[in-house]
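Coming up is one lone chain in structure tokens, specifically the form predicted alone.
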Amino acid sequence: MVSEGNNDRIVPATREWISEAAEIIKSGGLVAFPTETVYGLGANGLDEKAVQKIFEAKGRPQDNPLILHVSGIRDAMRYAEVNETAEALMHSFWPGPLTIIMYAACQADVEDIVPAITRANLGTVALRAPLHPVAISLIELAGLPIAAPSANRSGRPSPTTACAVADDLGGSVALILDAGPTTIGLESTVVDVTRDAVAILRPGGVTKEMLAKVVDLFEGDESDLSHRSPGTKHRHYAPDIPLFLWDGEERASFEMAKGVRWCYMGLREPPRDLDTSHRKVIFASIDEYARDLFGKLREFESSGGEIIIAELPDGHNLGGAVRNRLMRAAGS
């Protein structure tokens, strides 16, 4: 039975409910489901009307392409021109938190297989094979690629729990499959493989250091390709109260804390003489920072805090992805 109350669309991610969710997707409806990164808002990625519902539910600009979630390499070859570089990345990191942008496949060189609305009218398509068992089962039972951006209002912190989905989109989805908090907590890494070297357009759980062991990376300016990636063109991840960033050295961010209820999160303690925060979270590791970042942004904004101060970690490994999300959330 579906739970009652404000979260009345949340159901446990059992085989029976996943099967029900697959039927909803096949019939053109919307379902929210967990991946290892964040919760996604899923629809049939080959159905223009179903995909349009994603944009309407999120309030998402239609020039922001969607990621198509597939079962694996063989499935990907139906929807994209998979070159040797893409295949090497798939063998190394799929299933997992890596989205690969490739040229979209065509049917008989006449009709695009993936609708233009899913691709934001681009000649490329973004594909990912998720690792989460619920996502894998949902794709398998639906028997089609699932277009799924994060299941939140456009611009808000991404949801890492079913309740966060319900808070933002509860009335817009038929079901929210609940499998507990996500394990990575940040959206997938997005790479473009349409030229000689691989360009990282959005950092995530598959880090630059990991990618460099498999492929040659483009070291120049990727701005000419950024429009191909979800989550790069418009402001994202922002809480409803102001967010300020601390680099661990300068104290300017803490000037904003004078006379207001402020919340803090980071890997290090804030300056001792300023440690009078309304709420404070010190993460034990960068993995924990990444996993809980969006959840803490949501928690702080509902706690009675007036501003949030977050420490910027260094850019190594997963720290690069955390920095990216914090800077975009702060409008930097």
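For every residue, the number given is its place in the sequence shown, counted from 1. From a predicted model like this one, the values you see are computed outputs, not experimental measurements.
Heads up, the form predicted together with a small molecule isn't pictured, but that's what we're talking about next.
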Exercise: residue 156 in contact with the small molecule in the predicted complex, heavy atom 4.5 Å: no
Heavy atom of residue 296 within 4.5 Å of the small molecule in the predicted complex: no
Heavy atom of residue 67 within 4.5 Å of the small molecule in the predicted complex: yes
Interface membership of residue 291, the small molecule in the predicted complex, 4.5 Å heavy atom rule: no
Residue stretch of 73-81, 164-172, 201-209, 136-144 approaching the small molecule in the predicted complex, non-hydrogen atom distance within 4.5 Å: 201-209
Interface residue in the predicted complex among 239, 97, 230, 115, criterion: non-hydrogen atom within 4.5 angstroms of the small molecule: 230
Contact assignment for the small molecule in the predicted complex, among 217, 106, 88, 122, heavy atom within 4.5 Å: 122
Candidate site 36, 128 and 185: all three near the small molecule in the predicted complex by heavy atom within 4.5 Å: no
